[in-house]
Each structure stands twice: as C-alpha cells, then as structure tokens.
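Here's a solo chain for you in structure tokens, the form predicted alone.
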Amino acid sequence: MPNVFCRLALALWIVATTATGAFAQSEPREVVVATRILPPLVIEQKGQLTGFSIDLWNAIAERLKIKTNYQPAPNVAALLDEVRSSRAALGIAAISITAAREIEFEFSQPMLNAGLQIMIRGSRDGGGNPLSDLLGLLFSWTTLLWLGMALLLLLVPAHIVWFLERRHSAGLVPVKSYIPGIFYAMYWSAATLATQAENQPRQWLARIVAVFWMFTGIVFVALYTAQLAATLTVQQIQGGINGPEDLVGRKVAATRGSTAAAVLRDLRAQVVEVERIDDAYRALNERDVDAVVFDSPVLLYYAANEGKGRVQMVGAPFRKEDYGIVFRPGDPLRRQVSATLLRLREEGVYQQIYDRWFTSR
C-alpha cells in the first residue's frame, strides 16, 4: 500500500513540475534593446518608437516570445557602450558591420544593405538662384582682391598724369595744387582702366603713359571678366562637391563615433562631429558646414521629407556597408535572432516591412 502512495505522489510531482516548466517557458523573456532616433530606421512619435528597425525587431521578438524594453542612446558610440557594459542585451538601428567592431562584438545576419553618401545644400533641378550666386561672387574676396589691385594700379598713372598735366593750360588737370588736382587725374585713370576716358592728356609724355594705360586696362578687364565667368560657370554647372574626392579640406558634418567620421578623416576632410544627425542637418542649412556624410537611407529620407527643396544628394554611395543587430560575444540570442531574420526574409515579412519604409513612402 505505501508503494502505491509513493508512486502516486511521484506521478503528481512529475506532472506539477512539467506544468510549471511549460508555464515558465511560455512567459516572455524581457530584454533591453539599445537604439537611437534616426529616421526612417527609428522614429519617435508621441513618446512611442517606430521605424524600419523597430518594426523589424518587433517581428523578431514576437517570433521569439521576447518582451522588449527600448533604451534610446544619443549616438552609435553610446549605443555600443550600452551593449558593451551589459546595460542592454543588444543594439539595433543604423549599426554598420565593420572589421573593427567584429573584434569586440558579434552581429546578426545583415538586416539592411546601405552605404555612405554626400548631401549638400541647394538643388540641381532648378532650385539654385543665379542672381544670388552672381551677387555673392561680385562681393566675394576674389572681387575685393581684384578691386584692390585696380586701386593700386590706377594710382601710378594718375600721379604721372597729374604731375605732367598740371602745368598745361588745356590739360586734364584744371588746378595746379595736389588736392583736388589728383582727383581729376584719378577719375581719368579709373575711366581709362574700365572703358575709355572722354578726354585725353595734352602733354606728349602724358599721352605715351595714356596709351600704355589703355592697353593695361584692356588686359586687366579681360582677365577679371574671364575670372568671373569661369568661377560662376563652375559654381552653376559643376557644383563645388560632386563626390568623395571633392571633400578634401572641406568642412563636413558626421555623427560622433560613426564610420562616416572615420572615412572623412581618411579623406582629409575637416570633420565636424555632432551628437545627432539632426545637428548635422542644422549645421548644413545654417552654412556652418559644406556637406553632410552619413548613411544613404537616412539622408535620402531627410532629403525627400523635411529637407525637400533645401538639400540635395550628390554622387552614388561610395562606401557600401551592411547594417546588423549587435550583441556581446557569445550571446546565444544572436543565433536565434539570425535564424528568425532569415525566416522573415523567406516568408516575405521582411519585404513588407522594407516596402513600408523605403518604397511605399
């Protein structure tokens, strides 16, 4: 009889243990996910996060029965630090898979193909203002330099003509004194340099100077006109920046700790590192920098929405990279996430999420 009770108790214990284990397994695991606000990958709307990365992770988490607690970080360096210090189990946003990061972290299967691209002010489709460009050129340092040269040049013949003509009764200078006599001579010198003066010197030596000065004026005006035309043509047709090779010595904004900042330093650009990509947009629109270099999908989204008509993309993506979900080394969750990501691709769920943020909009 006691054996019957023992067997019954053992059976009840096994059933209870199995039921408890099954219940525990059905409970969703809660993880902290580090991310960063970066439209269209991560967008904050009314206190809630959405975007391509968020929708993709939510689909993965639903398959793996994971409850997510998102932890926004200001930039990619801070995001990686959240994962490194175990304050977050993983990170998802625009995190490029690079050889340097592979040494310290592990990545999932690529979640998005991307690359770096250049964004500048203005529009190639008729958005420029030729009058504004011309006025800017006329009042530029180049023009001021030419005017300074002209002023120095006209002083020399003006003094020679004043000295020779002041004693001539019908000369250009009606008074013998230096002031205001020199102003008459300077007016003649300036008029001859620009076009041709209406009166010419009377004294024979002054006439030789006048002939030489007229020839100088023709050459000077021709050179200045060519300079204006060439500079304006380059600005209007070619543009200042067309590709990575044009970034040398330019002030270019990139987010702190990003691969874009490292690439710009290799290109010998003047890197202006900012905390958030919104700061880079602001610096570009306020003319604090010449260009912004960042991940192509992010810049394209901004250029088609908030920056429409104010900015333009130039050139093709010049540094192809893939985005991945980042984990600490040895985390078993990485394999589960990669396998789920592949299943979402095979089932067409990934394409639906992609189209929602990059095609349908």
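In this text, all values refer to a predicted model and were calculated from it rather than measured experimentally. For every residue, the number given is its place in the sequence shown, counted from 1.
Another form exists, predicted in complex with glutamic acid; not displayed. Remarks below refer to it.
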**Complete:** Given 36-44, 327-335, 62-70, 304-312, the stretch touching glutamic acid in the predicted complex at heavy atoms within 4.5 Å is 36-44
**Message:** Just checking whether Ser96 would be counted as a contact of glutamic acid in the predicted complex - the rule being heavy atoms within 4.5 angstroms.
**Reply:** yes
**Request:** May I ask you to state whether Thr255 is within 4.5 Å of glutamic acid in the predicted complex, using heavy atom distances?
**Result:** yes
**Request:** Report yes if any heavy atom of Val76 sits within 4.5 Å of a heavy atom of glutamic acid in the predicted complex; otherwise report no.
**Result:** yes
**Request:** Look up in the predicted complex whether Arg282 has a non-hydrogen atom within 4.5 angstroms of glutamic acid, and give yes or no.
**Result:** no
**Message:** Counting any non-hydrogen atom inside 4.5 Å, which residue from Arg101, His159, Lys251, Arg84 sits next to glutamic acid in the predicted complex?
**Reply:** Arg101
**Selected contact from Gln117, Thr259, Thr192, Ser108, since only one has a non-hydrogen atom within 4.5 angstroms of glutamic acid in the predicted complex** = Thr259
**Item:** Contacts with glutamic acid in the predicted complex, stretch 292-318 (heavy atom within 4.5 Å)
**Value:** Phe294, Asp295
